[in-house]
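Next up is one chain by itself, shown in structure tokens, the form predicted on its own.
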């Protein structure tokens, strides 16, 4: 497969320093390469290395030396967390024997079973795990592309975009308008945009109480809609307005240089505009020939194995797997299944039937936490939900406080599971 390295690198918004890749071609042990050091990739690398007890060489390719979680960045936006709370390094992953390479993977030759790095070397693999997260669909919002992300941030990948958006919100003019252009389905973290609305409203209610929030949304409905709308009416009355597809929410363009949003032909001047475009699997999944026409990577429900290649597994947001949402919890859950399968196939250890789970917590206001979640199992063609739960409207304040505290405990637990 011929790769255009320059074109790929042009899609990246930042890169970190890289380490030279060691030669593993002559290793007597099988070699697993993991692309992407987020909730799916780092978990898979840790579990494969720790469970194999030295029988498998594991290499994790991740350009960032410090990984900032996208989940819980809304709490930073709302002033409940410091930015540093979101950052995690790979020191403890390396201590388990995982070889960490801080570089971009720019190509996969699935016939030769090699991964090419931006710095030049290629790595051979016996099994490949691809966990690149998301990229944005070109021209999904007319007038916006990544060159405009400093004017109209997306803040939907980990890193400094969240800091930029927070700064813009805190420095809005008195009585100004914050606008969110919400994404169409499917997208990372289904409740995420609406938790962000809640956190922006929390900040504005304290700093700029006459400000307005406008949601331009192409979807008829969204995750936890009743819970969010109840919370907005209770905590931020009159501040939040949502325009759905019936009134032009699916017919929007932006003019970043003029801070204008055009909704069904009508121009709206705004002070801050948070554009969250339509999404697809991270670019390396496409370059590796693992994606479908919709831009996502189809996988087998029993083990997250690519439908394109039996020696490749795709985790987390990039995968097209069925009922599971694109969330950090989902990616972590999928990674433990993949690690078990890979260890079994390479070392002969026992492979257990797949079980998946997910919960998405959201904070609406101080101590007003809600959640939605489910347990999942492989179906014939896709992963299917077998049981589910969701917070209810009208819950008492103590239950909501407990839900919020539960979410903090979950975050601490999962980042320990991912990064050690």
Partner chain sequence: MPKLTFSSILLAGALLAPAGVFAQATPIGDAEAGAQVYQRECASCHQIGEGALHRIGPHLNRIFDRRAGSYEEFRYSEALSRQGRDGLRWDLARLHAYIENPRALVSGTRMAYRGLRDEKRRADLIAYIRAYSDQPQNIPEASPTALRAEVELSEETLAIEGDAEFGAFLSAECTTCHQRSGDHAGIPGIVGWPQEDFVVAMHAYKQELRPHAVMQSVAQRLDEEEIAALAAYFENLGN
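Residue numbers count along the first chain shown, from 1. Keep in mind that this is a model prediction, so the values were computed, not measured.
Same protein, other form: the form predicted together with its partner chain, not shown, and the subject of what follows.
- For a residue to qualify, one of its non-hydrogen atoms must sit within 4.5 Å of its partner chain in the predicted complex; all three of 336, 352 and 413 qualify.
- Mapping the unseen interface onto this chain, residue 377 counts among the residues with a heavy atom inside 4.5 Å of its partner chain in the predicted complex.
- In the predicted complex, at least one heavy atom of residue 329 sits within 4.5 Å of a heavy atom of its partner chain.
- Within 4.5 Å of some heavy atom of its partner chain in the predicted complex lies at least one heavy atom of residue 357.
- Using a 4.5 angstroms limit between non-hydrogen atoms, residue 361 touches its partner chain in the predicted complex.
- From the list 390-398, 58-66, 31-39, 362-370, the contact stretch for its partner chain in the predicted complex under a 4.5 Å heavy atom rule is 390-398.
- Contacts with its partner chain in the predicted complex, taken as any heavy atom within 4.5 Å, map to no residue of 257-287.
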